[in-house]
Structures are given as C-alpha cells and as structure tokens.
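Next up: just one chain, as structure tokens, the form predicted on its own.
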Amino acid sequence: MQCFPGLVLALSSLLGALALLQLSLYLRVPSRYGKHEERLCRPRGRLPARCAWFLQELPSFLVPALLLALRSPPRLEPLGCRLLCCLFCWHYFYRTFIYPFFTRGRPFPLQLFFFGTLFCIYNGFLQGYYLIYCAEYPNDWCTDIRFTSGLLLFLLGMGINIHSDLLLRQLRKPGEVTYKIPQGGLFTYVSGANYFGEIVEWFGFAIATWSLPAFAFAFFTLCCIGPRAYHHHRYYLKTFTDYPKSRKALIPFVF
C-alpha cells in the first residue's frame, strides 16, 4: 500500500460533510439513546451497553494496528509521527478496553451501534492511513509549537473526559438506571463536561498533527457530541427543579 493524497483529501472532505449532516439531524432533536430514549420504545434490537461500546470502539484501535502491520518496512518516523499515532491509539485503547467494562449505561440500539461501528472503521482507517503512509514531519516536530500546544490540549481534554466519566459512573449504584445531577469537576460549570473534554482532546490532536484528516475528525466530534451536550443541558433543566441555573451547556462561561 502506498500514499494517495487524493484519497486522503476525498475521505477527509466526506468526513466534513458527514459532520454537517450530523449537525443538521441532531441540532434540534437528540439521537434516541440514553436519557433521550423514547419511553415507550420496545427493548428489542439492543445490545448490552458494555458489549456495544467494546465492539463499536474496537475498530478504531485495530484498524491503525493492522495498517501498521501491513506496512513493510514499518514507517513511523520521525519520533513526532510515532507519538501522534500513539495518541490516537491510546485514546481508543481506553475507549475499547477500559471504559466499556465500567460503564453503567442502558442497552444500546442496534441501529446506532451499526453506524457507530462503521464510523470507527472509517475514521480509524483515515487517521491511521494518513499517519502511517502519508504524513511527513521534520525531525524536530516534537519541539514545534503546534505539536507541544496540541499535545497539552490533548492531554488536558483526555483528563477532563476520563474524570467526567468517573463522576458520571459514581452517580449510579450497580443496577440503577435513573439519572441524577452530575456534581464536581467541570460539571460545576457545564452540563456536558465529558463531551467538552473529548472535543478539546481531538482539537488538540488536530493541532498536534496539523493535518486535514485530524481537523475533519475534530470538526465531526464537535458537530456530533456538541448538540448532545446541549440536549443534555435542556433535559437537566426540565427534569430537575434544583438544577444549577449558572451552568452552561458545553463551554464554561460562554454556552
């Protein structure tokens, strides 16, 4: 396999178009799972949450690994390129092998699971293909301001995301399915602290890679989970009379 810049451009452009489609579909009406699930919908056609998250996120970890294995000789030079690929796989190692086994979410609709899996295959291929076969960085990329600032944002966002997930899990006892008001951490300021962390994380990754595929992915993340944070915020305001009115939906002190 060799690098085809036209393929990278086409796949990145399509990812950007999918982001706008997501935004148009779910800006006014949330996707129907979790707290936004229809109350009267039947439980058929669903997977247990842990199984669904594991299987859905797995391709984002395996596809880059497979692309690297197919590359002969392996190419992840210079050091900056290796680190960038590791950042992407590090996130999805957590999402695949750690997060699913602690989640206490409701069963996941098969339709959303199917589309989520397709996306993880698609994006795993795009990011892995670019970094392993196409990316060219100078030897001192690790000291470039774009890499260092992007890396700091990535680590900050991932830390917020993981900490927020932990706070959400602590809201429920084993077997509980009721929703409660999140407390602590960045939830003090925003309703979608976990989503805010992931958005910051992928924009940091985009800055660190300084590539079209990574920016397309960051934009997709914003358009996909940004509206969900907004709908979470509205849900909390309608459901809990004592919900803090000072909290924003996604961005602290702004929105």
Ligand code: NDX
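Don't overthink the numbering: it's just position in the shown sequence, from 1. If you're wondering where the values come from, they're calculated on a predicted model, not measured in any experiment.
Heads up, the form predicted in complex with the named molecule isn't pictured, but that's what we're talking about next.
Trainee: Residues 25, 115 and 120 are flagged as a possible site; in the model of the complex, is every one of them within 4.5 Å of the named molecule by some non-hydrogen atom?
Mentor: Heavy-atom distance to the named molecule in the model of the complex: all three under 4.5 Å.
Trainee: By the heavy atom within 4.5 Å rule, which residue out of 180, 71, 146, 82 makes contact with the named molecule in the model of the complex?
Mentor: None of the other options qualify; the answer is 180.
Trainee: Just to be sure I understand the contacts: of 203, 61, 220, 230, which is the one whose heavy atoms reach within 4.5 angstroms of the named molecule in the model of the complex?
Mentor: The option sitting close enough to the partner is 220.
Trainee: Tell me the stretch among 148-156, 106-114, 82-90, 124-132 that has any heavy atom within 4.5 angstroms of the named molecule in the model of the complex.
Mentor: It is 106-114 that comes within 4.5 Å of the partner.
Trainee: Is there any non-hydrogen atom of residue 168 lying within 4.5 Å of the named molecule in the model of the complex?
Mentor: Yes, residue 168 lies within 4.5 Å of the named molecule in the model of the complex.
Trainee: So, in the model of the complex, is residue 11 in contact with the named molecule at a 4.5 angstroms heavy atom limit?
Mentor: Heavy-atom contact with the named molecule at 4.5 Å: absent for residue 11.
Trainee: Residue-level contact is defined here as any heavy atom of the residue lying within 4.5 Å of the named molecule in the model of the complex; does residue 172 satisfy this criterion?
Mentor: Yes, residue 172 lies within 4.5 Å of the named molecule in the model of the complex.
Trainee: Using heavy atoms and a 4.5 Å limit, would one call residue 209 a contact residue for the named molecule in the model of the complex?
Mentor: Flag for residue 209 set to no.
Trainee: Could you list the residues in 194-212 that come within 4.5 Å of the named molecule in the model of the complex, counting only heavy atoms and keeping sequence order?
Mentor: Contacting residues: 194, 195, 198, 202.
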